[in-house]
Structures are given as C-alpha cells and as structure tokens.
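Read on for two forms of one protein chain; each stands alone as structure tokens, with the labels structure 1 and structure 2.
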Structure 1
Amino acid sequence: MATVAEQWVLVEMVQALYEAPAYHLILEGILILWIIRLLFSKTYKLQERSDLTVKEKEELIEEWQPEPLVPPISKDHPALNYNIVSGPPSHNIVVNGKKCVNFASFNFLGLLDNPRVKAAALASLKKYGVGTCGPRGFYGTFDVHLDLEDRLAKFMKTEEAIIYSYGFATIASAIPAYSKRGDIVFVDRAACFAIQKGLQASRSDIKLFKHNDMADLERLLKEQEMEDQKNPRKARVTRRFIVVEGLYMNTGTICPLPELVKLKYKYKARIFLEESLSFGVLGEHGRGVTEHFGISIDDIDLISANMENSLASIGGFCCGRSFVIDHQRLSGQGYCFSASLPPLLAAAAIEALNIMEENPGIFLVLKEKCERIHKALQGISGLKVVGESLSPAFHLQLTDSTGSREKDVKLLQEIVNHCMDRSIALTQARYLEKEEKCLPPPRRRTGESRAHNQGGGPGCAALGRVLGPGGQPPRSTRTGLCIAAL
C-alpha cells in the first residue's frame, strides 16, 4: 500500500512541476542555488587581511633582535683549552711541556714516525709538492692516488677502492651516495658521529637497534618485513641497509659480523661496515673484522675505514665490489667536491701498507699487548675497562657515576691530569653532548700502540701502576665515590 501511495505522490510532484508557473520555478531555482552557496561558502568572513604598512614593517625590522651568532662560552669549559703537543705525536709525546708516554693517539702500529714511511712521503713531496690544487675530476688525480686505490683493493682482496681526503668525510659521504629519502637504514645505537652525520645527510628513515643486540635488530627487520608485506609496491623500491662498525669507537666492542651476514641474506639488507678502528688491527693480516671472523669480503657491500689510525696518514677509503664503489666517483660528495688527498699523504699510506704486508707479525704483537694491558687495568678501584680485550682503543669508565655528567667529566679529567703528572698521556673521549644521538657515558680513551715496548712494556706497567692501587691513589678514592675494586 505504502509503495502505491508513494508512487502516486511522485507522479503528483512531477505533474505539479509541469504545471507550476515559470516565475515560481525560477524563484525556486535561485533558492536552490542560494542554499548550495550557503553550504559551500565559508560560514564566517575571514578577518580582513590587512597587509602591514611599510612603516609597520620597518618598525618590525627595527624591533627584531637576533640571538648572538654564538652563545658565550665560559672560560673554564673543559674543551676550550686544548692540550698543546710540541713535536711529533709518537710513542713519547710532549704534552703542555711535559714528556709523557702516549696512550692517547690512535697510532696503533707505530707507523707515525716510521723512517720508511717518512722517506716515501719525502720522495713524494719532492716530486709533487704538497697540495693537489684540484678535485679528482679536474686534474687532481695523481698517479699515487691510483696506486693507493689499487693497493688498498688488493690488500683488502676486493675489486675496487676509492680514497677520500678526510677520514670523517668517508663514511659520511658514502652513506648518502646510496641511501636516499625513503630508504631504511638500520643502525647500531653506538655508531660513531661520522655515521650519524652520513645518515642525517641521506634523509633516510633511521631505525636504531640496541648496541650489538642482534635480537633487537632482527625484531626491527621483522617489523619492517611485515610493513613491506602490507605495501609490496613500496617495498620493491625501498632499499634496506644495515650500518655497523667493526670495532666501535664509542664502546671498544666488536660487531657480531657472522650474525649480521646471516640477517643480511635473510632480510635482504645490505651491510655497510665502518672499520676505522679495526682496519690494520684485527685479523691475521690486519684486514679488519671480516678477516677476524673469516667472512668473505664479498658478503659485505661496503667497507669504509680511515687511514688516520693504523696507517698513520690522513684520509679515508671505501672498498668493495666495483658495482657498488664506482658509484661514489660521481655521487660521493666528499669525493667529487673536495680537493684530492695531498700526494705525500697517499705515498705515506702506500708505504704503510707495504710495511703491513711485509710484517704480518705486527698484528699479533699488537693483539698481545692489548690483552696484556686489558688485564693490567682490571681491578682498579672505581674504574672499569670497557671494550674487547683485543681492541687497541678502549675506555675506562667510572664504576659508579656521580650522577651528573659534569661531575663525572671533571673527575675523569682529574684522573687524566693525575696520570699526566706521572708522564702518562691519556685523554677523555670527547663528545658533542647536544649533537650525539645516544650519548655514551663519559670515558677516557686509551689508544694502545705497538710502539710501546714489548715484554710487559714499561708504558703498560706504568699505566697500571699509576692508575692502580700500587701507585699514588687517584683522587677518586679521596672523593669517596669509588670504593670497591671490581
């Protein structure tokens, strides 16, 4: 019944439409349009956009006071006054006029004052002068650069190497050459500052995993896999990278490379490995963490290291397969847009490589020394050794923090000064506290060097003595902060 009635109403309506006078229809049409307008127009009128007058603008400009370019620095900022080293920074070092045994620089193989390295650099200086006066592209490629790249590739047993003129710029340029906006990078929390800057420059999505925690990494990778399944089209163009360090600068620990390689193939993410500390240190021939774990270098997509530690020169390099490395020759910003490495530094690095190849025994010596000093430093009251026993750079950390970073830093500085008074040069590991993603606790960093004498090593023993209970007790005991020996 109802439907019939409705139909009748509809018919009547249509009929009424036919019969209605024209003015009526026009009026209703206008009304409908009016309603539409009311529906779509804004309900309120925007405040009249009164543009500022010239005078007002000038007043605003007059009023504006910028912050100072740099905030003032207090005179006693711990990093303001640098230690001044006179003379060469080798095994024995003169810091602020005081002769010390050097436990602070990264001259692991003692090649800094090696006469052969110096002679090679000198010969190069006499042939090429100092500077290159141009980037690699524009007459800044010297034959020594090509030699060095060749030698590094051969040394690392890989296809190609590329050198940068600054260690820091190496990984910081390499990461953004591959990883772009939208790509995903899995990175260890403890990654060094250069990696952090490279990641920032790449503008990729960054996923931090807990330091050396493979379970955490796998969790993140799994999460990503789930995400990818939801959106397979996006996943097809999203590159995944895992960025790790061989030996971590910030912790002195070694990365679990075998597990990482397994994860790499399981989740199809490429591995970038920063080896600044491990190159020329780990492995039978000093090839770094890949050799240490016996992993084929082809399984790692990119290895970067600087030549400023073991090789005791300046600059850095990346190596790997040509398919990967060659891309940096046009896309590595620090490579393309910077003057090339002074040839004398390249020549020094070549000679250092020669020495490393000729005496593979030095790596064993270094390893033994590292282990010995690690042992010697155990059991100092209030201080704990952080890092692997085979790491030539490791940290001493307060067992009990005073609670404030500032106080800790001060305390550690006192310990450093105390050692310095006893002719042992150590250094606090410096960080830019505001810039670091995950700030490591304050520590002292100790660089062990092969140059320190063998057989117990007076340097090693002295370090132990000064820091240990046998020597003058460090001030920390007096402040009563560190009581028990570990």
Structure 2
Amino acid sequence: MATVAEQWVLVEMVQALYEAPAYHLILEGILILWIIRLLFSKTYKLQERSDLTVKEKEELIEEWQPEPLVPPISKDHPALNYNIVSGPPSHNIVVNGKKCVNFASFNFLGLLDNPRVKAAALASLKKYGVGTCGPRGFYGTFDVHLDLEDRLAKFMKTEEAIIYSYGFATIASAIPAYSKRGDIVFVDRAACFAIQKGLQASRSDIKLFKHNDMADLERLLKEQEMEDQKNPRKARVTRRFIVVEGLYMNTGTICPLPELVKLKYKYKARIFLEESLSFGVLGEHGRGVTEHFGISIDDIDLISANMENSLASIGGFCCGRSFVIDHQRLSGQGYCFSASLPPLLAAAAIEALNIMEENPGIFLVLKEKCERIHKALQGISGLKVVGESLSPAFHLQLTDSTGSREKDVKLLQEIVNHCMDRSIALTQARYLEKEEKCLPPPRRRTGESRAHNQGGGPGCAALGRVLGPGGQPPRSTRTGLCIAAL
C-alpha cells in the first residue's frame, strides 16, 4: 500500500508540474540555480590592511588639505560693509553719522516714530517685560496676543487671525502647514523669497507661471486637469493651490486678483494671498488688495502679511476662516516652535491699528505721495521705474546691461553711494543668488512713506534732482534701486 501511495503522490507532482504556469517554473528554476551557486561558491576573506608606520602617517597628514567651511568671501562684500543707523529710521535717518532723507525703509505709514505707538509699547514693557521666553503653546500666550489676533480678524473682516513672531516665517510656515508631498502649487515666478522657502519646505509639486500672466496660469491648470482625468483616483486626494502676492516685493506690481478668483472656481483650486506690502497700503481702509479690487474676503482661502511695514512692528499674521487658522496652531512651525511675539510689539501693533481705523485718510495721502514720486522719477536718462504708481515700494532699473551681473551690481552701488553723498538714503535690492528660483535683475529698491515732505523738506523733489539730469552719474546698465515711501 505504501508503494502505491508513493507512486500516486509522484503522479500528482508530475501533473502539477505540467499544469503550473511557465513564469512559475522559470522563477523556481532561477531560485534553485541561485541556491546551488551559493553552496558551491568559494568564500573570500577581506584583505587585512597593513598598519602604516609613524612616518607614513605624518606624511599623509602633511599632504592633507581640508576644504574651507565656507567659500572665500571678498572684503568688499556688502554683508561685511554694512551701514550703521543711529536713531529711528523715520522720515530722516542718520546713516554712518550723516543725516539723510530716508527712501530705504518700509515705514509706509510713518508710524515707526509715532508718539502713540511708542507710548503703548512703553506701557506694555513696564507691565510684561521685554520678551516671553516661550512658544505660544508653552506659557508664551499673553492676553495682549489674543487681543491683537482679535483686532486683526475684525479689521480684515475674517473669522479668525493668528500672529507669528517673525514676518518672514509667516508665509514660510503657512504654506507647508497645508500643502504636502503630492499636492500641486501654482506660483508666480516673481514670488518673494519667503514664499519660495515655504514651497521648498512643503515638498509639493511646484508649477511656475509667468509673472501676472493669467493665460499662462490657465494653460498650466488645463494641463493639470487633463492629467487628473487620466488618474481620477489620485486626483481626488491631490490638493491644488495658487500662491500669489498682493503687491509683489520683487516687481512692485499688483496681482490681477479678479482673474485669479475666476480661475480658482473654474479649476477648483485654493488661493493663498501674501499681502506684506499691500496690507495697510491698498484699499480705502488699508485692508489690502481684496479691498482694492472689491473682492469678497471669503473668496480667498488664506491671507498672510507681516507687521513690519505699515504697522511698524515685528512679526506677521494669517487670517481666514476659523477651521483654516486653527490648523496652523498645530502645524505652523514658526508658531509652534518659536518664542512668541514680545508683548510690547503686540501692543504697538494694536495702537497702529487704532490709528489706521481712526484716520483712513492716511491711505489716500500715501497714494498721492507714491504717485508724485513715481512721476518725479519718470524720464531720467538711463533709468526706468519698475512698479505700479500706487505702490510704496518700487524699483529703479537701469535700461541697458553691461552683460555681467557683477558689473551691474557694482555700478548700482556706485549710484547708491552717489545718492548717499547728497543726503538721500537708498538701498540696493539684495538676493541670495544661488537660492532664488527666478533671480531678478540687479535693482535699487525704493520706499515711499506718508511722512515724506512732512517736516523734513521736499524729499521727493530732492530725490528727483539727485537722480535727474545733472545729478545722476553717467551710467548704462540694467539694474535697479528699491525706494520705500516714507
């Protein structure tokens, strides 16, 4: 019986062998051959390294040249030759001991030296001390922080607001709090460096569209829509964001928000709006680009801005719907891990908001001064103005390039020094050239402020005279200055 049973098992094995698929037999054959090879292959011992003599070790040490920790930097590098400011950077500024008209800071509403703002900060300093020494979640939340968040939400007419202790970290923390790996972000090529760092931290799929070119953005959105149709399952879990600035730092131009809102609803995307320059500048009451265009705040998914320009304080904020803002309290890295905003700066921001609400006419005054200085700088030989006439931050760019960025930057610095010798403080726009996604051309950045021409002489006219015919040194390069309106 045993022999018959063994024969029957053998027959079943043969039948199974014939019925098995070909790939199964090939795989088993490869595994059997691999096992046989391992069994009969020779084993090798690693060659033992002979010890070096003391003389050989010393020779190797003498020959070894370590790489520098940092690349060599020229002594003429701007970071090593900075200007020293004495006193508040208000309408007039003392730079390296010389009094100048300030066209270099972003104190747009002139509140930096406002007596009410300084009194509020001083009272807070006496009550709370200098800092907080703790993040918001670890005994770093003071009542003045909650008051400021409430005031910002009411001012912007949103459900809730959240404040950060550093302006740059605001949008850089907000983007990765929502956009993750696998999500898609459509972003303007002229986006500021803080947005770029936020996108980098999000690890999302980034699609750049031409600056303020809605046709190019729609082209990318259509392409993505076609890709989604090929894989609807993936499309259902992929989030799409459009990230823009209300008033662009690198160009001084305004985003076409009405067209963006239309594309948002057409292609089911979310809009993140960075308003660091437009907050406290655009709109009848300074609420930014949404008020400027008459767009409902509910059409924007998230608004962020810093408090370091118009509010003359430090830090930044985000505002929007409550469920959107609450998510940042658990996921915003700058909020969770940084020490909270010093109470004195929060109190200063609240008082600045009070002034903005009590005196809405200051925004009209700022607009008029921006248009005046923009007009005064038109027609200057070798220079062209880049930016909107109602923007308090715009660029002066030389019309023709030498063909070398290094030479353009050096030439630009000569013009800055020329203005400084004539008591006009300007600044050159600086970029981390190796880090920028789309490096802008060298420029001089200029800022206009409501305080210009108030108690400090005709600043706009003085700037026009210095850079105008007979004042500007003969130059020809495509570069720019950034001028801030004071």
Partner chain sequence: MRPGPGGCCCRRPVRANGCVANGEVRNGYVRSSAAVAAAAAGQIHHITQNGGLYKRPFNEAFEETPMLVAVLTYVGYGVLTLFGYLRDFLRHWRIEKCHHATERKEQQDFVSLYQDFENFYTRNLYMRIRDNWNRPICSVPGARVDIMERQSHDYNWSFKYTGNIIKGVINMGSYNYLGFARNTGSCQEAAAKVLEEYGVGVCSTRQEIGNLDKHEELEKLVASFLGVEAAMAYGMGFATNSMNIPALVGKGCLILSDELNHASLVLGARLSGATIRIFKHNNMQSLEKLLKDAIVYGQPRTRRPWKKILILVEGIYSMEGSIVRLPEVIALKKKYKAYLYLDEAHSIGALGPRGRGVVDYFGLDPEDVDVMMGTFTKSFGASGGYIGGKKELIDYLRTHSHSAVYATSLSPPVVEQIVTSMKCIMGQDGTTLGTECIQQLAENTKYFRRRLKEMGFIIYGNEDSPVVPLMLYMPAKIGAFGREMLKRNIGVVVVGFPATPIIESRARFCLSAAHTKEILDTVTHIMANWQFLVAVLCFKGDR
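All values derive from a computational prediction rather than experimental measurement. In this text, the rigid core denotes the largest set of C-alpha atoms whose superposition between the two forms falls within 1.5 Å. Every residue number counts along structure 1's sequence, beginning with 1.
Q. So which is it, 1 or 2, that shows the form predicted alone?
A. Of the two, structure 2 is the form predicted alone.
Q. After a core superposition, would you say residue 58 shifts its C-alpha by at least 2 Å between the two structures?
A. Indeed, residue 58 is displaced by 2 Å or more.
**Q.** Is_shifted residue 28 between the two structures (CA, 2 Å cut-off, rigid core)
**A.** Yes: residue 28 shifts by at least 2 Å between the two structures.
Q. How much does the C-alpha of residue 67 shift between the two structures, in angstrom, given a rigid core superposition?
A. Residue 67 is displaced by 2.5 Å at its C-alpha.
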